[in-house]
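Read on for two forms of one protein chain; each stands alone as structure tokens, with the labels structure 1 and structure 2.
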Structure 1
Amino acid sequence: MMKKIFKFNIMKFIIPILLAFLVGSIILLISNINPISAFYNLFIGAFGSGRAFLSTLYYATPLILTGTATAIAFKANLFYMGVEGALYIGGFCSSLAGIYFHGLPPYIHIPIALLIGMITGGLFAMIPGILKGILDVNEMVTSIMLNYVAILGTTYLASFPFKAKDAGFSATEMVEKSAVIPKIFDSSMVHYGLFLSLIFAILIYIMFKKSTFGYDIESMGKNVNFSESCGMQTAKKTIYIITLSGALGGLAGAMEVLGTYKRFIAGFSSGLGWDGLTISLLSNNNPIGVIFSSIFFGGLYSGGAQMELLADVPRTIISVIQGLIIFFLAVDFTVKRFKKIKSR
């Protein structure tokens, strides 16, 4: 049975990717580009050397957190889409902690700044959580709308009240050196936040499998009405789940600010929260699967640069492949829903 489940999950991971690359190959052929050369360079750029793999891990670091954050909500059948907004709020608030807290050693300053990013990301997510849990307001709509508030709000703050005097763009001052997450290797951008991402993904996996809260999340995901009729306080759980999801999103933003940019920059995210959605779907909302899916997506970003440089293929083809993966995952999801409805 376990072998069958394992095989099913692997196929669920591989089939959408293969189909996406197949359609991507057709698009490249129509454009008179050799797909074998393009994807070979993509693979070499992502995994062809130690340096390439470190670059892949660098891109995967925030994705592990945003993917895990989305998986928590999706596991409970809650369509919370606010990870991107939580990432901005957490990133901005942790940057302030990095700028204005002085005289702290790194082993205190870094955890405090990260914790502030987590807390503010969680508080931000609590708003749609409360609206969903108490008033049954659609969490997808409220969280998407709040994303705009977070992105535009932090852009304003980084452009005017907190704008660095010497910056020619919308950004805060640089954080103190004591708040910077150090690199693992000087030759690579990957920093120690990678280990933190892995730890949180594993902890959430253990929570799903071993804790009462994890059981409640799975139970709500299967049938929220049944869970409520069994005495579960689903409203309260909904608030907790969405808040936890936002907290991980806030932590992802804090790590990007403290580990990569060393300051908050308006629009710094290239859609990390939205990528987390695809990664979560691709991994069937399994945090361990999220790690591998994130490395795959990190490879797409890392290898995309080499593909563009050596095979003269626009990096936008990576966005096309990501979109196709979402499309084929959505097809699989729709077919399952149709079968479920038909069996009733």
Structure 2
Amino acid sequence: MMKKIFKFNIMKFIIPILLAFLVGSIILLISNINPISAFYNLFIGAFGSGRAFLSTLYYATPLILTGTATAIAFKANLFYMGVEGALYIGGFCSSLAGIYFHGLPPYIHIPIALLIGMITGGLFAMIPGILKGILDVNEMVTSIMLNYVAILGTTYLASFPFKAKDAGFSATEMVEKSAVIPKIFDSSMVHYGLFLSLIFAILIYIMFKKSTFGYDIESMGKNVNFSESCGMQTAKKTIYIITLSGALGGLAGAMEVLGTYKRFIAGFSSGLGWDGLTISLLSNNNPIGVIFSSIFFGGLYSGGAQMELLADVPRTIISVIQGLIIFFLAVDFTVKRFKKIKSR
């Protein structure tokens, strides 16, 4: 199985990354920064030691979910970009479940809080889903608008009605101890949510490959009009797909809140949903590929911190590299394609 996935993806994965780093180097050179030392520190900070790798896995945990969430929609050729918003809604609602449910044992409290995150994230995603499925309103625009509504709305909720009394910033109370997802090692931030992310990515992979729903998604992605005339209820399926995507986004938010911050903090995400989008593209909408791409992206974050500290390079260069990766992903860089360009 692994061999097949790699054979299929390897060039699509490697070439855009190399090109992005190449252009990134040029940008660094223009800005008077030595790219070799910058990227060396980036790499060491990401994969240079056990500690660094655990930190990479920690950053990868929510990305696996947001990447898979985007992959579901993109595979059906739906440009749903609301994972970021669903993440905020899910994260906020699960924090409430973490705060206000008392006396539950962890093995009940954590799943309930996570489930609430998933459900609310899914319900939130249903808005653009229904608008697209029934009224054919462009899902890209509505989902992006709703992201803002979610981010600003939860900021309001965490700043006023649900603000913790002792917090100097906009955040809810801490969740109950029984709702906190435990860490795997004491020495690292990485928590058991990692396994949950992996399980969901694999489940979605199996769903794509084995279920009729997965088949429907694929056929809608290839040709929606044909699918419709074959009797597939594409409107209904559209709503399902976008809702599922939002539910995974909600779960990612819930895991961040319960595993990392232990409370909802306004504006906590720093674009996890948007990174999921890049990751999904990088892995050709394949959930197994999403796992690897997420680890790569986790490495960018983990290494970015080290690079900023030791090489004095602003870590915002990471966002530039991410953007550049998308550029090169948009174009099919297979070997054949190169030959064609040369021969012109």
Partner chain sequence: MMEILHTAIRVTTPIALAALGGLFTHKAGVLNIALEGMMLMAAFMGVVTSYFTGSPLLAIMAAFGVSLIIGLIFSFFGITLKGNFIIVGLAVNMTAYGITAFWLQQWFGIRGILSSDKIIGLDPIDVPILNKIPIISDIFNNHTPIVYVSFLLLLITYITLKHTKIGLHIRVVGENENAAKAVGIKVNKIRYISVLLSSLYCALAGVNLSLESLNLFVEKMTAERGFIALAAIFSGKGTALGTYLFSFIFGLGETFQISLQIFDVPGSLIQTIPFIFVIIILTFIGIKNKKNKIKRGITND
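Just so it is clear, the model here is predicted, and its values are computed rather than measured. Residue indices: 1-based, along structure 1. Each form is matched to the other, and the largest set of C-alpha atoms that superpose within 1.5 Å is called the rigid core.
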{"query": "Structure, 1 versus 2, that is the form predicted together with the partner chain", "finding": "2"}
{"query": "Residue shift check between structure 1 and structure 2, rigid core fit, L54 Cα at least 2 Å", "finding": "no"}
{"query": "Residue shift check between structure 1 and structure 2, rigid core fit, I288 Cα at least 2 Å", "finding": "no"}
{"query": "Rigid-core-superposed Cα shift at L29 between structure 1 and structure 2, Å", "finding": "2.4"}
